[in-house]
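Read the single chain below, which is given as structure tokens and is the form predicted alone.
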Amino acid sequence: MNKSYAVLPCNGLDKCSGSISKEVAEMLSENGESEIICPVFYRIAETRYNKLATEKPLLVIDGCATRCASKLAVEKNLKISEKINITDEAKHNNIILGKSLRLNENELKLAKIIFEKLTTEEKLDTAAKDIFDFPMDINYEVYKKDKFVFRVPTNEGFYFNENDVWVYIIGNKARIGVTDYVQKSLSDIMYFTPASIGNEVEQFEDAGSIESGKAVFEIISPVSGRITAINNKIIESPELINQNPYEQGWIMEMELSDFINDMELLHDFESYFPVLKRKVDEFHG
């Protein structure tokens, strides 16, 4: 049985990505008990949808980086359960979006791929959470600069890339997040845009983004593999990344495909800590 959502799609129907967002929303509505929230009507008559938006998990479907649907949900103080971005999904599936508002064969294929991911995502997420054993106690080395304090985990199993994204490895499983350097550089984080569960990601490919009032930070995956879980808590509360990017504020989990080779381009604590100190000194010098 398909999962039931309150679906808030992109309202950019003058773009191909917006048309695909509408198509996915209609597929969810027609093949289950999901109901669509019209973003245009919601702005002027919110009482019609407020009950729906709180009774069912809210799925936000953004068309592009503008994230008009996500911003509307934040504006209305809605609790977002899941988010997906059409442009990012097209990139991950090597589908080039056209300029026509009438969807071609590849664009309809993309809509079907997204629909299938959304209707199987909950099962994948639960399975991943059941088997991942993240350490209860993390030891940190601290580097202080003026009023700023930067922590780096020293536990065995943590690795870091040059883009300040960490990964913790257990067997062929990985949990990924951003470092203290990232969250302090961005300041107050307001949005988290995840990649989709089931996506195959190569080392150094984009795997979602976080955004503050200062900038957008693309999460560059430190490892290759398949995304098996997203930390849904930070979709609703992205400030958890500021509060603790290593524990409550982790980003996603993956099933690894080539860690032996990936490891050659990663730092352990001993080699990453000098990199962190250099970046902090340059940024706050």
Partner chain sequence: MDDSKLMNDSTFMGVSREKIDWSPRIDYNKCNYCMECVEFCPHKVFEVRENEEQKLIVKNPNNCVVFCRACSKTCGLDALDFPDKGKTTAHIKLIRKETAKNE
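Just so you know, these numbers come straight off a predicted model, no measurement behind them. Positions refer to the first chain, counted from 1. In this text, rigid core is short for the largest set of C-alphas that superpose within 1.5 Å between two forms.
A second form of this protein, the form predicted together with the partner chain, is not displayed here; the remarks below concern that form.
**Student:** Since the chain is shown here on its own, which stretch among 76 to 84, 168 to 176, 149 to 157, 211 to 219 would lie within 4.5 Å of the partner chain in the model of the complex, judged by heavy atoms?
**Tutor:** Every other range fails; the passing one is 211 to 219.
**Student:** With a cut-off of 4.5 Å between heavy atoms, is Cys64 one of the residues that contacts the partner chain in the model of the complex?
**Tutor:** Residue-level check for Cys64: yes, a contact with the partner chain.
**Student:** Is there a heavy atom of Ser100 lying 4.5 Å or less from a heavy atom of the partner chain in the model of the complex?
**Tutor:** Answer no; every heavy atom of Ser100 is more than 4.5 Å from the partner chain in the model of the complex.
**Student:** Quick one: does Phe115 come within 4.5 Å of the partner chain in the model of the complex, counting heavy atoms only?
**Tutor:** Contact with the partner chain, no.
**Student:** Taking heavy atoms only, is Ile96 within 4.5 angstroms of the partner chain in the model of the complex?
**Tutor:** Ile96: yes, in contact with the partner chain in the model of the complex.
**Student:** For the partner chain, considered in the model of the complex: do all three of Ser185, Glu205 and Asn261 come within 4.5 Å of it, counting heavy atoms only?
**Tutor:** So, yes: the whole triplet contacts the partner chain.
**Student:** Can you tell me which bits of 144 to 159 touch the partner chain in the model of the complex, meaning any heavy atom within 4.5 Å?
**Tutor:** The stretch does not touch the partner at all.
**Student:** Fitting the rigid core first, would the Cα of Lys71 be found 2 Å or more away between the shown form and the other one?
**Tutor:** Shift at Lys71: 2 Å or more after core fit.
**Student:** Align both forms on the core first, then report whether Glu253 has a C-alpha shift of 2 Å or more between the shown form and the other one.
**Tutor:** Where the cores coincide, Glu253 shows only a C-alpha shift between the shown form and the other one that is less than 2 Å.
**Student:** After superposition on the rigid core, does the Cα atom of His267 shift by at least 2 Å between the shown form and the other one?
**Tutor:** Not so; His267 is displaced by less than 2 Å.
**Student:** Distance change of 3 Å or more between the C-alpha atoms of Gly18 and Ile235 in the model of the complex: closer or farther compared with this structure?
**Tutor:** They are farther apart; the C-alpha distance rises by 3 Å or more in the model of the complex.
**Student:** Over in the other structure, so in the model of the complex, do Asp62 and Ser185 pull closer or drift farther apart at the C-alpha level? The difference is 3 angstroms or more.
**Tutor:** Asp62 and Ser185 sit closer together in the model of the complex.
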